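What follows is a single chain, given as structure tokens, in the form predicted on its own.
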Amino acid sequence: MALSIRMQWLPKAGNRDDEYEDAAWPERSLTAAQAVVRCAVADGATESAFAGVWARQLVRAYGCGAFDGDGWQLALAREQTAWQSAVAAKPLPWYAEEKARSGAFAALLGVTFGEVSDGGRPWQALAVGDCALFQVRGVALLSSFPAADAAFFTSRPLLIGSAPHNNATLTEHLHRASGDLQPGDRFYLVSDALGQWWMHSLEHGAMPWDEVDGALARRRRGFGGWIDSLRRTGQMRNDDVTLLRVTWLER
């Protein structure tokens, strides 16, 4: 009854690995046999200060259950304090200090797979910003959250801020969804560049999950080479890319 989790990521073309500002939980590919499994992706806003640090904090907090139930606002406040402390401990030039005072921003999407019940596993998801999840059963797209079409992905999504004063409208922009996971289903959690490509592909009659699965199946630079090709041909904009594919292994 285990979940197979495949994690892949790539920085922007031309950037070093340490300039990657997305994040994922879990942080590596694995097989999860726990009764409750949490997965998350976050996309740090490049123009904000220490966005990668903030994105990593958010997915780790979600993965540890800090955002379960109604206590997410307290959990967020703790993460904001931790981010401020971590940044304050860094020696920064004056202009970086000014930028840091405005805080970091990131999109977050998390999904929790519950205990097996009546042959299925219930799932619950939350999202702020423009990361997305897609659930595929057989050859059909079963769920798309929170993206309904390619137009969902804009240049100005509302994001979670590391500074409390930047989150005045956060509650009304926090989206939730739920559903049922069956053996053989595939879940794809993606940051925005891959999500936008997915929806464009879907709107042109393709089945984007086939391309993703094919890239993951190739051994030598499969995923990275595929993303590079999409960027070169203009099918995907040049941005950090993160993917978690979650599969409930067949009995």
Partner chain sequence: MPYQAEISRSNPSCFLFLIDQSGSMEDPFAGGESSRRKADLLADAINRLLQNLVIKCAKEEGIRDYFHVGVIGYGARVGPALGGQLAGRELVPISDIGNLPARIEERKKKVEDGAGGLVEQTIRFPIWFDPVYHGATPMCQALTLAHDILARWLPQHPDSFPPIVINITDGEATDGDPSTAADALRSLGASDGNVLLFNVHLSSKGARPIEFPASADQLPDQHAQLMFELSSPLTPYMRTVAQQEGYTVAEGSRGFVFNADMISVIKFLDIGTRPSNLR
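Residue numbers count along the first chain shown, from 1. All figures in this text were calculated on a predicted structure; none of them were measured in a lab.
Form predicted in complex with its partner chain: not shown, discussed below.
Comment: 163-171 is the region of 71-79, 163-171, 111-119, 141-149 lying near its partner chain in the predicted complex, near meaning a non-hydrogen atom within 4.5 Å. The closest heavy atom approach of A45 to its partner chain in the predicted complex falls within 4.5 Å.
Heavy atoms of A49 reach within 4.5 Å of its partner chain in the predicted complex, making it an interface residue.
Contact check for A127: no non-hydrogen atom falls within 4.5 Å of its partner chain in the predicted complex. For R137, no non-hydrogen atom is located within 4.5 Å of its partner chain in the predicted complex, even though that partner is not displayed.
Contact residues in stretch 2-22 (any heavy atom within 4.5 Å of its partner chain, taken in the predicted complex) are K12, G14, N15, E19, E21.
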